[in-house]
Ligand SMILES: Nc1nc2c(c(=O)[nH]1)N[C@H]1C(S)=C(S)[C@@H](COP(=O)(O)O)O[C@H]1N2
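Coming up is one lone chain in C-alpha coordinates, specifically the form predicted on its own.
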Amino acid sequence: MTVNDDLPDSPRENLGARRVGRAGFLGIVGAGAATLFFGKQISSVTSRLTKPFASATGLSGIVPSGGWRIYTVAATMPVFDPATWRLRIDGLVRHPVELSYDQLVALPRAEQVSTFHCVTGWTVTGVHWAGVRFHDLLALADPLPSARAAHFVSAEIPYDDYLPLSDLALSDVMLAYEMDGGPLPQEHGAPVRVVIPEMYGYKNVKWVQQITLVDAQSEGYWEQRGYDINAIVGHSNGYA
(Lines give C-alpha, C1' and ligand atoms only; values in the text may rest on other atoms or scores of the structure.)
Protein backbone atom coordinates (compact mmCIF):
# COMPACT_ATOMS: atom_id res chain seq x y z
CA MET A 1 0.00 0.00 0.00
CA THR A 2 1.59 2.72 -1.25
CA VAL A 3 -1.03 5.33 -1.49
CA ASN A 4 -1.72 1.73 -1.50
CA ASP A 5 -5.17 0.81 -0.29
CA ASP A 6 -3.67 -1.67 2.08
CA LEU A 7 -1.31 -1.55 5.02
CA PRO A 8 1.27 -4.19 5.80
CA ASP A 9 3.08 -3.83 9.11
CA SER A 10 6.58 -2.60 9.82
CA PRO A 11 9.46 -3.21 7.38
CA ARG A 12 11.97 -5.69 8.77
CA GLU A 13 14.91 -3.44 8.06
CA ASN A 14 13.47 -0.70 10.26
CA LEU A 15 12.07 -2.65 13.18
CA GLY A 16 13.65 -6.08 13.03
CA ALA A 17 11.28 -8.56 14.63
CA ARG A 18 9.10 -5.83 16.19
CA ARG A 19 5.91 -4.99 14.32
CA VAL A 20 3.32 -2.25 14.60
CA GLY A 21 0.16 -4.15 15.52
CA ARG A 22 -3.30 -3.79 13.98
CA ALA A 23 -4.66 -2.18 17.14
CA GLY A 24 -2.00 0.51 16.96
CA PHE A 25 -2.72 1.12 13.30
CA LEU A 26 -6.46 1.39 13.87
CA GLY A 27 -5.81 3.87 16.64
CA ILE A 28 -3.80 6.00 14.24
CA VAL A 29 -6.47 5.82 11.55
CA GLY A 30 -9.08 6.70 14.15
CA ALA A 31 -7.09 9.77 15.08
CA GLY A 32 -6.85 10.70 11.40
CA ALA A 33 -10.58 10.31 10.94
CA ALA A 34 -11.23 12.42 14.00
CA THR A 35 -9.13 15.15 12.47
CA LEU A 36 -11.65 15.39 9.65
CA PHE A 37 -14.34 16.23 12.19
CA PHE A 38 -12.48 18.28 14.77
CA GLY A 39 -9.89 19.97 12.59
CA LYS A 40 -6.95 21.93 13.90
CA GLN A 41 -7.58 21.41 17.58
CA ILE A 42 -6.35 17.80 17.43
CA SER A 43 -4.09 18.00 14.40
CA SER A 44 -0.97 18.30 16.54
CA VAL A 45 -1.92 15.14 18.43
CA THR A 46 -2.52 13.28 15.16
CA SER A 47 0.80 14.48 13.84
CA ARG A 48 2.63 13.13 16.86
CA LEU A 49 0.96 9.77 16.38
CA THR A 50 1.37 9.40 12.63
CA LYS A 51 4.89 10.70 12.16
CA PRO A 52 6.61 7.97 14.24
CA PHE A 53 4.40 5.36 12.60
CA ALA A 54 5.19 6.60 9.10
CA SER A 55 8.87 6.68 9.92
CA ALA A 56 8.81 3.15 11.30
CA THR A 57 6.88 1.62 8.43
CA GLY A 58 8.03 3.69 5.50
CA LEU A 59 4.41 4.76 4.96
CA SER A 60 3.01 8.25 4.89
CA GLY A 61 -0.18 10.06 3.97
CA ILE A 62 -2.71 7.95 5.89
CA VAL A 63 -6.01 9.52 4.81
CA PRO A 64 -9.56 8.18 5.29
CA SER A 65 -11.38 8.68 1.97
CA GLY A 66 -14.86 7.42 1.12
CA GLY A 67 -14.50 4.17 3.03
CA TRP A 68 -10.96 3.69 1.74
CA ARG A 69 -7.73 4.22 3.62
CA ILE A 70 -5.07 5.82 1.45
CA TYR A 71 -1.36 5.29 2.16
CA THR A 72 1.93 6.05 0.45
CA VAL A 73 5.44 4.63 0.73
CA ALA A 74 6.94 7.54 -1.19
CA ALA A 75 6.90 11.19 -0.15
CA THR A 76 4.55 12.17 -2.99
CA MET A 77 2.08 10.47 -5.31
CA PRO A 78 3.05 10.00 -8.97
CA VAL A 79 1.51 12.56 -11.31
CA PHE A 80 -0.11 11.33 -14.53
CA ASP A 81 0.59 13.25 -17.73
CA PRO A 82 -1.40 11.67 -20.60
CA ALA A 83 0.87 13.34 -23.17
CA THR A 84 4.01 11.58 -21.97
CA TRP A 85 2.83 8.51 -20.06
CA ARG A 86 3.69 5.11 -21.52
CA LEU A 87 3.04 1.56 -20.36
CA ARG A 88 5.91 -0.75 -21.29
CA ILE A 89 5.47 -4.53 -21.63
CA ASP A 90 8.73 -6.45 -21.96
CA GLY A 91 10.74 -9.39 -20.62
CA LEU A 92 9.93 -12.87 -21.90
CA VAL A 93 7.96 -11.65 -24.92
CA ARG A 94 8.51 -11.76 -28.66
CA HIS A 95 7.53 -8.14 -29.22
CA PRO A 96 8.15 -5.61 -26.43
CA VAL A 97 5.63 -2.80 -26.70
CA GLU A 98 4.97 0.65 -25.31
CA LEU A 99 1.40 1.92 -25.17
CA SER A 100 0.17 5.47 -24.79
CA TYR A 101 -2.89 6.07 -22.65
CA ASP A 102 -5.07 6.47 -25.75
CA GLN A 103 -3.78 3.19 -27.16
CA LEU A 104 -4.49 1.43 -23.88
CA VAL A 105 -8.09 2.60 -23.58
CA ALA A 106 -8.68 1.67 -27.23
CA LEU A 107 -8.20 -2.02 -26.32
CA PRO A 108 -11.28 -4.19 -25.65
CA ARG A 109 -13.01 -2.72 -22.62
CA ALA A 110 -14.02 -4.80 -19.61
CA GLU A 111 -16.20 -3.74 -16.67
CA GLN A 112 -16.96 -5.30 -13.31
CA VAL A 113 -18.22 -4.61 -9.80
CA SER A 114 -16.14 -6.20 -7.06
CA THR A 115 -15.09 -5.94 -3.43
CA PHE A 116 -11.75 -4.62 -2.26
CA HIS A 117 -10.17 -6.15 0.86
CA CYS A 118 -7.35 -4.65 2.89
CA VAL A 119 -5.15 -6.98 4.90
CA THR A 120 -5.67 -4.75 7.95
CA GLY A 121 -9.34 -5.72 8.07
CA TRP A 122 -11.38 -3.09 6.23
CA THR A 123 -13.38 -3.68 3.06
CA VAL A 124 -15.00 -1.56 0.35
CA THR A 125 -17.90 -3.24 -1.47
CA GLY A 126 -19.46 -2.47 -4.83
CA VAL A 127 -16.46 -0.84 -6.48
CA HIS A 128 -17.12 -0.24 -10.18
CA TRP A 129 -14.00 -0.82 -12.29
CA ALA A 130 -13.34 -0.54 -16.02
CA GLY A 131 -10.17 -1.45 -17.85
CA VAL A 132 -8.56 -4.13 -19.95
CA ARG A 133 -8.19 -7.85 -19.30
CA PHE A 134 -4.61 -9.06 -19.19
CA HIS A 135 -5.25 -11.58 -21.96
CA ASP A 136 -5.90 -8.74 -24.39
CA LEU A 137 -3.09 -6.59 -23.03
CA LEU A 138 -0.30 -9.17 -22.92
CA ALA A 139 -1.27 -10.62 -26.30
CA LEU A 140 0.14 -7.45 -27.88
CA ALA A 141 3.62 -8.47 -26.75
CA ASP A 142 3.22 -12.21 -27.56
CA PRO A 143 4.53 -13.91 -24.38
CA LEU A 144 7.11 -16.67 -24.75
CA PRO A 145 6.27 -20.18 -23.46
CA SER A 146 8.80 -19.70 -20.66
CA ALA A 147 6.86 -16.75 -19.19
CA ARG A 148 5.19 -17.75 -15.93
CA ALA A 149 4.68 -14.51 -14.00
CA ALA A 150 4.43 -10.75 -14.42
CA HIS A 151 6.55 -8.22 -12.55
CA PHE A 152 4.58 -5.00 -12.03
CA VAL A 153 6.66 -1.86 -11.55
CA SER A 154 4.96 1.18 -10.07
CA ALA A 155 5.80 4.81 -10.74
CA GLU A 156 5.77 5.11 -6.95
CA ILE A 157 9.34 3.96 -6.45
CA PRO A 158 10.22 1.47 -4.94
CA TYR A 159 6.79 -0.20 -5.02
CA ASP A 160 6.52 -3.35 -7.14
CA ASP A 161 5.02 -6.83 -7.03
CA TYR A 162 4.64 -10.10 -8.93
CA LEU A 163 1.62 -12.15 -9.99
CA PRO A 164 1.57 -15.54 -11.75
CA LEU A 165 0.11 -15.43 -15.26
CA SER A 166 -2.44 -18.01 -14.11
CA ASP A 167 -3.81 -15.44 -11.63
CA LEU A 168 -3.92 -12.76 -14.29
CA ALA A 169 -6.13 -15.08 -16.35
CA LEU A 170 -8.90 -15.10 -13.71
CA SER A 171 -12.18 -13.71 -15.02
CA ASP A 172 -12.30 -10.70 -12.66
CA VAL A 173 -8.68 -9.55 -12.88
CA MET A 174 -7.86 -6.44 -14.91
CA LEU A 175 -5.65 -3.45 -15.41
CA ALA A 176 -8.13 -0.73 -14.48
CA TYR A 177 -8.20 2.82 -15.80
CA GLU A 178 -11.66 3.82 -14.49
CA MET A 179 -13.22 3.65 -11.05
CA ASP A 180 -16.85 4.31 -10.10
CA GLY A 181 -17.72 5.85 -13.44
CA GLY A 182 -14.75 8.16 -13.92
CA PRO A 183 -11.02 8.11 -14.67
CA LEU A 184 -8.98 6.42 -11.98
CA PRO A 185 -8.18 9.06 -9.32
CA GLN A 186 -4.58 9.88 -8.49
CA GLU A 187 -4.81 8.41 -4.99
CA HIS A 188 -6.09 5.13 -6.43
CA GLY A 189 -3.23 4.76 -8.90
CA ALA A 190 -3.90 6.89 -11.97
CA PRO A 191 -3.66 6.19 -14.76
CA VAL A 192 -3.74 2.39 -14.27
CA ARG A 193 -3.70 -0.12 -11.45
CA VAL A 194 -4.04 -3.86 -10.99
CA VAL A 195 -7.42 -5.09 -9.75
CA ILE A 196 -7.40 -8.64 -8.37
CA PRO A 197 -10.31 -9.02 -5.91
CA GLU A 198 -9.19 -12.48 -4.75
CA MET A 199 -6.11 -10.95 -3.12
CA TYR A 200 -5.52 -8.32 -0.47
CA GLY A 201 -4.89 -4.75 -1.57
CA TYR A 202 -1.11 -4.74 -1.45
CA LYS A 203 -1.12 -7.05 -4.49
CA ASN A 204 -3.32 -4.59 -6.43
CA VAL A 205 -0.37 -2.53 -7.66
CA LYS A 206 -1.03 1.16 -8.35
CA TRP A 207 0.52 3.57 -10.84
CA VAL A 208 1.69 0.71 -13.06
CA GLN A 209 4.23 1.87 -15.62
CA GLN A 210 5.93 -1.38 -16.61
CA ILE A 211 4.99 -5.05 -16.85
CA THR A 212 7.90 -7.44 -17.29
CA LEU A 213 7.17 -11.11 -17.95
CA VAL A 214 9.51 -13.45 -16.07
CA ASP A 215 9.97 -17.19 -15.62
CA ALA A 216 8.95 -17.32 -11.94
CA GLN A 217 7.10 -15.33 -9.30
CA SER A 218 9.35 -13.51 -6.86
CA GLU A 219 8.95 -11.27 -3.81
CA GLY A 220 7.69 -7.74 -4.29
CA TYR A 221 8.04 -4.71 -2.03
CA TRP A 222 5.71 -5.93 0.73
CA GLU A 223 6.69 -9.60 0.56
CA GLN A 224 10.26 -8.52 1.24
CA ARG A 225 8.89 -6.96 4.41
CA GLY A 226 7.20 -10.09 5.72
CA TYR A 227 3.94 -10.39 3.81
CA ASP A 228 2.47 -13.44 2.11
CA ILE A 229 3.46 -13.77 -1.53
CA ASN A 230 -0.05 -14.91 -2.50
CA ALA A 231 -2.30 -12.95 -0.11
CA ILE A 232 -5.51 -14.83 -0.90
CA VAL A 233 -8.44 -13.16 0.86
CA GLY A 234 -9.66 -15.35 3.73
CA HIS A 235 -6.71 -17.72 3.55
CA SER A 236 -3.89 -15.39 4.53
CA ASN A 237 -3.39 -12.64 7.07
CA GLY A 238 -0.67 -11.14 4.91
CA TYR A 239 2.26 -12.75 6.68
CA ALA A 240 4.53 -15.42 5.25
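So that there is no doubt, residue numbering starts at 1 and follows the sequence shown. Not measured: the values here are computed from a predicted model.
There is another form of this protein, the form predicted in complex with this ligand, and it is not shown here; the text below is about that form.
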Exactly one of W122, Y162, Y101, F134 comes within 4.5 Å of this ligand in the predicted bound form through a heavy atom, and that residue is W122
Examine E187 and determine whether its closest non-hydrogen atom to this ligand in the predicted bound form is within 4.5 angstroms.
yes
Residue-level contact is defined here as any heavy atom of the residue lying within 4.5 Å of this ligand in the predicted bound form; does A150 satisfy this criterion?
no
Determine whether any heavy atom of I70 comes within 4.5 Å of a heavy atom of this ligand in the predicted bound form, and answer yes or no.
yes
Candidate stretches 142 to 150, 80 to 88, 93 to 101, 114 to 122, one within 4.5 Å of this ligand in the predicted bound form by heavy atom:
114 to 122
Restricting to 128 to 161, the residues within 4.5 Å of this ligand in the predicted bound form through any heavy atom are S154, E156, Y159
